[in-house]
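One chain comes next, on its own, written as structure tokens: the form predicted on its own.
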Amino acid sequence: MGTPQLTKNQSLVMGALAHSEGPMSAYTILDKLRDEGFRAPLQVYRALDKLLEYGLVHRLESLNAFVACTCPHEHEHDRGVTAFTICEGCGQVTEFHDAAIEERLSALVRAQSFKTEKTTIEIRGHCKSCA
């Protein structure tokens, strides 16, 4: 599947996330895009829902915030494991993927006869600069 054709709102939200220094909440995105005609949170949430579906952004559950995917075509968002390190000091978020972790988790859920919908790992701590 190629890159989907984005609507104007989806493109604006994607641009805001892609150029952000860190994760953004939907309300922060709304504030950034008010000059572009965004007036209601629903506009942002609709765009985010589609961008999540397309695998172009990730939701960081622990922060209730969103980040642009840094490697959109290197993994399968619907089946793979997406992992993030989140710095408590500066807020830097780094996305990574590890085949060994993915294989081990797959084996564990298979042993439980569990059907995985989504797997996201968030590791919080301090980056090299803040440690």
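Throughout, we count residues from 1 along the sequence that is shown. Computed from a predicted model, the values in this text were never measured in an experiment.
Here the subject shifts to the form predicted together with a further copy of the same chain, a form of this protein not shown in this document.
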Open item on the list: Is it true that 21, 25 and 53, all three, sit within 4.5 Å of a further copy of the same chain in the model of the complex, judged by heavy atoms?
Closed with: no
Open item on the list: To verify the annotation, which of these, 36, 49, 31, 61, has a non-hydrogen atom within 4.5 Å of a further copy of the same chain in the model of the complex?
Closed with: 61
Open item on the list: Please determine whether residue 11 contacts a further copy of the same chain in the model of the complex, using a 4.5 Å cut-off between heavy atoms.
Closed with: no
Task: Touches a further copy of the same chain in the model of the complex: residue 94 (any heavy atom, 4.5 Å) - done: yes
Open item on the list: Would you classify residue 43 as touching a further copy of the same chain in the model of the complex, given a 4.5 Å non-hydrogen atom cut-off?
Closed with: no
Open item on the list: I'd like to know whether residue 127 contacts a further copy of the same chain in the model of the complex, with contact meaning heavy atoms within 4.5 angstroms.
Closed with: yes
Task: Stretch 105 to 131 - residues with a heavy atom within 4.5 Å of a further copy of the same chain in the model of the complex - done: 105, 108, 109, 112, 113, 114, 115, 116, 117, 118, 119, 120, 121, 122, 123, 124, 125, 126, 127, 128
